[in-house]
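Shown here is one chain on its own, the form predicted on its own, set out as structure tokens.
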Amino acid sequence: MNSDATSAPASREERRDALVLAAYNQIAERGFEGLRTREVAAEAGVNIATLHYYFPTKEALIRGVVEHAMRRFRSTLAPHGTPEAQLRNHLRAVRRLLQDEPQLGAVMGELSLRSARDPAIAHIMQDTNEAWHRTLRGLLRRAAAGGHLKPELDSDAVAALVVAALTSMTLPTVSASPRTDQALRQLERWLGI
């Protein structure tokens, strides 16, 4: 544990957040394989026992990292405006967020890739994508009901397409492509928003 007790986060919530942020930073910098719980604890200014108190398993820590990342994505959903405007603003804000915070894309891309080999992470990512899908499907349905989207569009399928497109932007080979911005702009035009 850090010998300077004043540098350790004071409250339970602050300690938990510091641990999540330390793990998030490690995954962004070194990938999933570079995540070391002892180093996470040290970076957060606590000992390994404290880390295990908050996160008994590595999967629990990963769930905390994904929740942190998804809070960033949810921040792009405006609670006001027409459903069409909310959807348009969400797509544009996610694009900006991934440009402004490349570590966010790196973390989510790394966890997406890892989920192909790790059932626990696959479950976390699936739950996360399902929640995002439901949110988008609701926005699409409200936009269609308001006459802002083509009525023949299947809101479930379109929500799946949007999640797939935005998720793919976190993959290293896609995120580095100059075509991603072009693809998202075309998606917006196709949706008519």
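Basically, rigid core = biggest C-alpha set you can superpose within 1.5 Å across the two forms. Throughout, we count residues from 1 along the sequence that is shown. The model shown is predicted, which means the values in this text are computed figures rather than measured ones.
Absent from the display: the form predicted in complex with another copy of the chain. The rest refers to it.
By the criterion of a heavy atom within 4.5 Å, Gln86 is excluded from the residues contacting another copy of the chain in the predicted bound form. Interface membership of Leu113, defined by any non-hydrogen atom within 4.5 Å of another copy of the chain in the predicted bound form, is confirmed.
Residue contact check for Arg117: one or more of its heavy atoms lie within 4.5 Å of another copy of the chain in the predicted bound form. Proximity of Met125 to another copy of the chain in the predicted bound form: non-hydrogen atoms within 4.5 Å are present. Heavy atoms of every residue among Glu130, Asp156 and Ala160 are located within 4.5 Å of another copy of the chain in the predicted bound form.
Scanning 16 to 34 for heavy atoms within 4.5 Å of another copy of the chain in the predicted bound form gives Glu29, Arg30, Gly31, Phe32, Glu33 in sequence order. For His52, a C-alpha deviation of 2 angstroms or more is recorded between the shown form and the other one after rigid-core alignment. Superposition of the core reveals a Cα shift of 2 Å or more for Leu113 between the shown form and the other one. With the core held fixed, Ala122 shows a CA shift of 2 Å or greater between the shown form and the other one.
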